[in-house]
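Presented as structure tokens, the chain that follows is alone, the form predicted alone.
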Amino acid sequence: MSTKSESWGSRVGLILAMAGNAVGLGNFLRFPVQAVQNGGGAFIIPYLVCFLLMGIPLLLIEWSMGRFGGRSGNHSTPYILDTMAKGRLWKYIGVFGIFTNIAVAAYYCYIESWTMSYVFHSIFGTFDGKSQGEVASFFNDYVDVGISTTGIPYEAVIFYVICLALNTWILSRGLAGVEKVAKIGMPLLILFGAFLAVKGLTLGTAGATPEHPTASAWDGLNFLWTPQFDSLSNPKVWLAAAGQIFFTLSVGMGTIHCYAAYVRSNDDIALNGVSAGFMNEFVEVVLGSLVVIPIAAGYLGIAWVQENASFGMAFQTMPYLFQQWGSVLAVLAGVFWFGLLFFAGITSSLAMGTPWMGFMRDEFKWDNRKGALSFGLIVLVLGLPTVFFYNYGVFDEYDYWAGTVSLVVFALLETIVFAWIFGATRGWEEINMGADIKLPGILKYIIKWVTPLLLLFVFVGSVITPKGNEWAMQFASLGSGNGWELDNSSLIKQLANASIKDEIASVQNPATLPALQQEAEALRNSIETSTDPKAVARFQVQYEKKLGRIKQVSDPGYLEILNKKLFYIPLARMLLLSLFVALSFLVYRAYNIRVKEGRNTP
């Protein structure tokens, strides 16, 4: 089919599809957890600053790059970058815009399949009468493919294949299919989110129990929305805020470029880009912050939330909390919550297929059906290891390299291309061409100077993250000649698998278990002697967590899992590297075809 045969059916459809690309699982799962882990209100100011100084500029950059490339018939980042910058290197930098989407889709569709499965289990009452611990165990059993929660063998694999098949079928319908899903999914997502948000707002202290007497949804809201200005001097919080902006807006991936490449050459991108960005922020900051944390704090207390906040809370905790609302409302809440997550997921995963399909259509004349089927098969092959070896770190490794590092690297490089090679003045003219709003002129200088410097700060910070994220202490240590000690979360230490090796050493150390038991005993004594209810609640949560750690260290199977991680994690990296090399080879082949046909870009 012709590269010019597709376009968006309507402006509303385009904006909803763009918003659907950005609005994903991170809005409801990652944002609240990142906020809790970085001090609640201490996170909000850096987060909003990063949105204005990095998120909006990157959205405008990627929208304008996509439209510019689309005028030359290019609908994927390798040749969009190639049209904007001279030199053979840039098309291979553009490989990130296809690689990231395929690699992220491989594990993202697995999470998406969890939401589909949990809708099924919510309807059929699987969680009725289960304790919090049993609900958490259900999730652990579900991701262990050797255990079936329904009697269906390999249940997790089956739901993953069904979910991926649905994505493939919709993608085979082209932009019309994506637009239709966005028009249905986004309104339903907001409707479901509004229902749960109202519950989070009105719960108050009604969920308090003798086990959790201090539980209050208001504590969750206050924790999230009380700004703390001292966070402005904390690089750790800035890094976390910047990382969340990447994740939530889907910048640095290549999907926005691809969607924008189908915009007509003089159509507005300024208002469209800003609208999609602010719609995403509404869903994340307003709806996302009113569901998980307030409801969890309303039943379990803010101390529990602070100690246990994690990506898995949505699956390991929320079904139990919904049971407190009565059998009928529990089913509705389960369907609404996991349905919301499913629509958030599928509108994003569909976007991940379009860069590959656009590239194969442009360069090898593949139609939508062939492009979608090939995308589905590649994602299936790459994604099955995340299903079968979830407990051995493959899933997390994909997320770190493809869903975090790759985004930052590509965003930094594309900003350099746009602002310094294509040129800030020329780029600003491109952004404003056909614009329905007048953008403030200061944005031009933010795009040229502030955004790339922030991106550089994020990247360098992730490479040399100091131990404990104590930047001030490490700089002081440098002055005394003690050197720079890296944290296990730094990119360098991640490559060396330092955290796993440290954990193995800790488990094998005969002094670890007695020390943990001693700490647990001290916490138990604090519970018995403290007269402050909130302190008792905090000590109780820490005590239960310490008991869990004791059980983990005492389990011989835990050491086996750690050793297997040292095998499967490098394997995951090799799979990702192989994908990048294969895509680079396809770009090289495409270049040779372009030269042969006399249509190679300058």
Partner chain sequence: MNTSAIITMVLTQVIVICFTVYFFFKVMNTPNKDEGDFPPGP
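Since we're looking at a predicted model, the values are computed, not measured. Positions refer to the first chain, counted from 1.
Beyond what is shown, the protein has a form predicted in complex with the partner chain; the following relates to that form.
Just to confirm the contact call: exactly one of 233-241, 68-76, 327-335, 352-360 touches the partner chain in the predicted bound form at a 4.5 Å heavy atom cutoff, so which is it? Of the options given, it is 68-76.
Verify the flagged residues G41, L271 and F282 against the partner chain in the predicted bound form: is each one within 4.5 Å by a non-hydrogen atom? So, yes: the whole triplet contacts the partner chain.
The partner chain isn't shown here, but in the predicted bound form which of A476, I437, V198, V381 has a heavy atom within 4.5 Å of it? Answer to the contact question: I437.
If you check Q508, T425, S265, N525 against the partner chain in the predicted bound form, which one has a heavy atom within 4.5 Å? Answer to the contact question: S265.
So in the predicted bound form, is the partner chain close enough to I15 to count as touching (4.5 Å, heavy atoms)? It does: once the partner chain is placed as it appears in the predicted bound form, I15 has a heavy atom within 4.5 Å of it.
Looking in the predicted bound form, any heavy atom of R11 within 4.5 Å of the partner chain? Output for R11 is yes: heavy atoms within 4.5 Å of the partner chain.
Using the partner position in the predicted bound form, report whether L453 sits within 4.5 Å of the partner chain, counting heavy atoms only. Close contact is absent here: in the predicted bound form, L453 is far from the partner chain, nothing within 4.5 Å, heavy atoms only.
Contact label in the predicted bound form: T226 to the partner chain, heavy atom within 4.5 Å: Because a heavy atom of T226 falls inside 4.5 Å of the partner chain in the predicted bound form, the answer is yes.
Judged by heavy atom distances of 4.5 Å or less, which residues of 131-150 approach the partner chain in the predicted bound form? Contacts from 131-150: none.
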